[in-house]
Each structure stands twice: as C-alpha cells, then as structure tokens.
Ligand code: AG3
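As a starting point, one isolated chain is supplied in structure tokens, in the form predicted alone.
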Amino acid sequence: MNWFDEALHDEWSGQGYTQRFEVTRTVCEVSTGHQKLVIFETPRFGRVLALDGVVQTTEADEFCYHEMLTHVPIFAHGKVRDALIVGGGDGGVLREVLRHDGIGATLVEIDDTVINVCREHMPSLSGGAFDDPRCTARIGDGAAFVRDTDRRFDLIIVDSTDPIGPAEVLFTPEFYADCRRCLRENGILVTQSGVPFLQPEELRSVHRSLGSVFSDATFYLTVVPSYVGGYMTLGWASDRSEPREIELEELAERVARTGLSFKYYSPSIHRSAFALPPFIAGILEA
C-alpha cells in the first residue's frame, strides 16, 4: 500500500501528528521548473493535487474552499464586473467566478504546467472555464502584474500556495499595496491565509500586512477537510466596511436573483463566516 505524507506541517510530526492519504494510483508527477507537482488518486478524496508535498485541492472537497473564496466577496460587493485571480491555476476559483453573468476574469498564474495538467487530469475543477470567452489567462508573476498593470478591478482573489517558494511574495505589504492600487473604488481583496490552529504566525503576518494597507482588514472562515487543523481563514481587505456588514436579507435577495445554487456557500454561512472564535481573535490581537 502506497501513502502520501503531506509536508506542510512537518514540525508537528515529531509530536505524533501528520496527514496521510492512501494512494491508489499516481496520475501525474512532474517537476515544473517552479515546483514539484503530483496528482494522485485516493479512495475517499478522489484525485488530489499537491505542490512541493503540500495538498492544494481535492476533487471531493474543493467546493468548500473555492465557493467561499469567490462568492463571499462577489455577493458582498454586489456589482463586480472585472475580477483578477492571482494564482488559481487549477481553475476552481475561475469556474466559480464565471458562474456569475456579466463578470469577466483575468487569471495570472506563474506556472503554466499547473493549468495544463489540471485541465487534463482534473477537468472538473475548471469545468471548461478556461475556454470561456470572458476569461483571459496570462502566464506570469502575479506580483509583477499588479505592480505594472494600468487595469483596475472590482475584486482581486489571491488563490496562492502557502508563503513558501514562489508564493512568498504574495504575502507582503508591498504586494497588498499594489493590489490596492489596482482596485476600483469599493473594491475588495480576498486571500487564503492558512489554518490558524496550526499556522498562527501566518495569520498574524497576513493581518499585519493587510492592516498596514487597507482601512478594513479582517478574516472570514471556511472548513476544508483536506486542509487539516480545523477552520481555514480567508483574508478580507477593503477601504470600506459596508460590504462586509451587508444584511442577511439583502444577501439572500442578491443570491436569489442569480438563480445559482451551491454546496457550501449560503447567505447565512456568508454572514456567520465573519464571526471569529475567540482563539482566532486572540491570535490577531497578540
């Protein structure tokens, strides 16, 4: 029997804790020039994408992450027309963004192999979104793109790996400042921010960096079974608090007008996701 041992929380392995997946078949394994990519099949989670030994997404639970990273800011804003996705080469966020009529998406991914391999071996993630005429996919450095572009966006979604390797620059105050410059008035930035029970310093760092740039910087929650350790935090930043404070009734009306249905997201989940447990609030205050 073959097993995949995730490398993200190696510091905990000495304390008797790790995450393992039974591997029934290795679908693809390649060094991309940026990172080591592997896709493997499991009995419970279907196909799993890992980069440099860290699980990025699985067929079984990807909706818990992609729906919350996407629909919370879109419904909170209410008038998103242009969205920028930094990272997200698996296509899951792109798929969810383009479920909304009238929204165009620009995706900037540093590693074209991630896009190509996921389209071939995990096509349900993107669901054909890369072929949508509303999608513009660019291969390049997301930090350089937001630094140099003269385009403006209503929403920026940073769907990156953890702050190691090529994604490290996507967690800096300089990057967030460039994102703020690229946002239109009332624009929103969201970003993955780790699992605070096991990665408290990542949460603190993101909080400090976002708060140094934006007037309203906080976090909201999702739970993704394959991102072990309990709640996952998603960073939220804007210069206005009103979108974050939208009433439940208005959210429900906006969702109803789209006719969309979801497996994780709902107006009630949206509102409650901003209620942080005391241990997470304590990490932010430390």
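The structure presented is a predicted model; accordingly, all values stated were derived computationally and were not measured. From 1 onward, residues are counted along the sequence shown.
The same protein also exists as the form predicted together with the named molecule; that form is not shown, yet it is the one meant from here on.
Colleague: Report whether all of 64, 96 and 266 sit within 4.5 Å of the named molecule in the predicted complex, measuring from non-hydrogen atoms.
Modeller: Contact check failed for every one of 64, 96 and 266.
Colleague: Here the chain is shown alone; which of 238, 35, 222, 56 has a heavy atom within 4.5 Å of the named molecule in the predicted complex?
Modeller: Selected residue: 56.
Colleague: Though the named molecule is not shown, can you say which of 68, 50, 217, 232 has a heavy atom within 4.5 Å of it in the predicted complex?
Modeller: Checking each option against the named molecule in the predicted complex, the one that comes within 4.5 Å is 232.
Colleague: Only one of 187-195, 75-83, 209-217, 137-145 has heavy atoms within 4.5 Å of the named molecule in the predicted complex; I'd like to know which.
Modeller: Selected stretch: 187-195.
Colleague: Answer yes if any heavy atom of residue 283 is within 4.5 Å of a heavy atom of the named molecule in the predicted complex; otherwise answer no.
Modeller: Answer no; every heavy atom of residue 283 is more than 4.5 Å from the named molecule in the predicted complex.
Colleague: Indicate whether residue 199 is a 4.5 Å heavy atom neighbour of the named molecule in the predicted complex.
Modeller: Yes, residue 199 sits close enough to the named molecule in the predicted complex that at least one of its heavy atoms falls within 4.5 Å.
Colleague: Would residue 40 sit within 4.5 Å of the named molecule in the predicted complex, counting heavy atoms only?
Modeller: No, residue 40 sits far enough from the named molecule in the predicted complex that none of its heavy atoms falls within 4.5 Å.
Colleague: Is residue 106 one of the residues lying within 4.5 Å of the named molecule in the predicted complex, judged by heavy atom distances?
Modeller: Contact check for residue 106: no, nothing within 4.5 Å of the named molecule in the predicted complex.
Colleague: For the stretch 79-103, which residues lie within 4.5 Å of the named molecule in the predicted complex by non-hydrogen atom distance?
Modeller: Residue within 4.5 Å: 90, and no other.
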